[in-house]
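Read the single chain below, which is given as structure tokens and is the form predicted on its own.
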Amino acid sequence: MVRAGVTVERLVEAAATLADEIGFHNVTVSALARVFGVRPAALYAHIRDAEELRLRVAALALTELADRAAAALAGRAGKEALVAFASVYRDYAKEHPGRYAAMQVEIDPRSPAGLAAIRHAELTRAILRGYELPEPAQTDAVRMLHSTFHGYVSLERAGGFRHHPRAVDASWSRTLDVLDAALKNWPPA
């Protein structure tokens, strides 16, 4: 019997919240069942398995980040758009570490999570319109930006920058300056 009030949406939101609290890879159907006060078997009326749950959390996170990025990018171009997008990305990763980790799983591009990932990538491409990069340079730039943002955020979250007195925010700002310069001066193929 399905417990009243338990829906797929509530399960996914609870799993995302739990991921932020205990880590994405620690979220299990059993842990989620404890949140709802039900037996794990009761949740299988709503989700197929733990893998589906993880992909739904990834889709939620990617959608949330894309929504924030779209709002931040509105009316901006060039470096202003780059800084707005990067700031939203970094802030989201800090605010929602478990959801951020969920976005790093391998995703089928035809799934709901895949569609959210494509939207996220398209928002990154929107930044690049201000730099007028043709293909394949645009794809290379998208990959460079995502790699830089992810690397910086991951190292920052892991405490990788604590060994030096320079403020992490100052280095972040300088990183964005360098990315802007690289995008403005993209070398020809």
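Take the two forms, superpose them, and find the largest set of C-alpha atoms that agree within 1.5 Å; that set is the rigid core. Numbering starts at 1 and follows the sequence shown. What you are looking at is a predicted structure, and each value in this text was computed from that prediction instead of being measured.
Keep in mind the form predicted in complex with a further copy of the same chain is missing from the figure; the text below concerns it.
> Looking in the predicted bound form, is a further copy of the same chain within 4.5 Å of a heavy atom from each of 136, 147 and 189?
Yes: 136, 147 and 189 each sit within 4.5 Å of a further copy of the same chain in the predicted bound form.
> Heavy atoms within 4.5 Å of a further copy of the same chain in the predicted bound form: which of the stretches 59-67, 117-125, 40-48, 26-34 has them?
Heavy-atom contact with the partner occurs in 117-125.
> So, residue 178 and a further copy of the same chain: in the predicted bound form, are they within 4.5 Å at any heavy atom pair?
Residue 178 belongs to the contact set for a further copy of the same chain.
> Answer for residue 129 alone: is it within 4.5 Å of a further copy of the same chain in the predicted bound form, judged on heavy atom distances?
No.
> Can residue 8 be called a contact residue for a further copy of the same chain in the predicted bound form at 4.5 Å between heavy atoms?
Residue 8: no contact with a further copy of the same chain in the predicted bound form.
> Should residue 107 be counted as a contact of a further copy of the same chain in the predicted bound form, where contact means heavy atoms within 4.5 Å?
Residue 107: contacts a further copy of the same chain in the predicted bound form.
> When the rigid core is used for the superposition, does residue 167 move between the shown form and the other one (threshold: C-alpha shift of 2 Å or more)?
Yes; residue 167 is a residue whose C-alpha shifts (by 2 Å or more) between the shown form and the other one when the cores are overlaid.
> After superposition on the rigid core, does the Cα atom of residue 41 shift by at least 2 Å between the shown form and the other one?
After core superposition, the displacement of the residue 41 C-alpha between the shown form and the other one stays below 2 Å, so no.
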